[in-house]
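Heads up, the chain below is alone and in the form predicted alone; it's given as structure tokens.
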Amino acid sequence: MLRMLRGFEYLRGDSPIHRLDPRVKIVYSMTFAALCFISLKNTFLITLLILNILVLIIAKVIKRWLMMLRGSLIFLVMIFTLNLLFQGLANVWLALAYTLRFLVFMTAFSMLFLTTTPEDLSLVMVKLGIPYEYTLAFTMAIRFVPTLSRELQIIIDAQRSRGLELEKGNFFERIRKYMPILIPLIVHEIRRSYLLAEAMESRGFGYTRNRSYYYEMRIRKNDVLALLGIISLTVVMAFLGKKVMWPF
């Protein structure tokens, strides 16, 4: 679970994907997320997954994606098992398709968050007319969820070093054992929220509605070429998903 959250944490890099305009990457993630709902053919979904993996390799974040994949295995197995139970054993390919659909959807947005800073995402949302207060809440969630996962892991390791055994006992006993972990985490995050509020107040947050920004985003030649490539690939894959008879 904690590893899965690391797949949505910005990873600093200097790849061609990192240098693209955030709006182009948002278009990419949304189009590929939409494409996975066109068809339930496994070969079509595997093709989409391979294309996403190629983009991750170009962005040099494939290791972080693999970490996310290991962390999300429990959800993938759960999706496959539940669909297999409700659809029946005869529809094993359909259960696999729903699992692949979730993986493609998650991978498309993982690329966006791994290669785009929260500040850039905030600026894009402001340019779309979303109030800055909402964009700030969104970017803070993106920034602090991975931090929260790291702090949770630190507390778990500290409590295990003190003799806390989380793996032993029945379901209710395991839940009870997580109380010594959740209470320090909640207290720590409450303290963090007070520090954050004081820091925002000291910097005059909300003093004026006409904000200024360090830089303005501009569409460059590479962004236009990438956008044209995304649109062309989307049209081709949408056509193949609807018209071509995939093997299974």
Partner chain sequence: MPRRLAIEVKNLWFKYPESEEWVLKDINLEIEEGEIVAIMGENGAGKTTLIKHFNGLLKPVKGYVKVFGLDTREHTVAELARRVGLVFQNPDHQIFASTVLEETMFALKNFGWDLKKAEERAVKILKELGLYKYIHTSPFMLSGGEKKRLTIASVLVYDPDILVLDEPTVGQDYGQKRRFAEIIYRINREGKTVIVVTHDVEFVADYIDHVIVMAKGKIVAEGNSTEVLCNDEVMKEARLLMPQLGLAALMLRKHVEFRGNFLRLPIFIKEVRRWLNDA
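It should be emphasised that the depicted structure is a prediction, and the values quoted were computed from it without experimental measurement. If you superpose the two forms and keep the largest set of C-alpha atoms that fall within 1.5 Å, you have the rigid core. Numbering follows the first chain given and starts at 1.
Keep in mind that the form predicted together with its partner chain is not shown, yet the notes after this line are about it.
- Just one listed stretch, out of 181-189, 52-60, 28-36, 196-204, contacts its partner chain in the predicted complex at the 4.5 Å heavy atom level, and that stretch is 181-189.
- Remark: Lys127 does not count among the residues lining its partner chain in the predicted complex, judged by a heavy atom distance of 4.5 Å or less.
- Proximity of Arg160 to its partner chain in the predicted complex: non-hydrogen atoms within 4.5 Å are present.
- The shortest heavy atom separation between Ile155 and its partner chain in the predicted complex is within 4.5 Å.
- The shortest heavy atom separation between Asp120 and its partner chain in the predicted complex exceeds 4.5 Å.
- Think of it this way: in the predicted complex, its partner chain has a heavy atom of just one of Ala137, Leu85, Leu164, Val145 within 4.5 Å, and the residue is Leu164.
- Pro118: CA moves less than 2 Å between the shown form and the other one after rigid-core fitting.
- A movement of the C-alpha atom of Gly71 falling short of 2 angstroms is seen between the shown form and the other one when the two forms are aligned on their rigid core.
- For Thr81, a C-alpha deviation below 2 angstroms is recorded between the shown form and the other one after rigid-core alignment.
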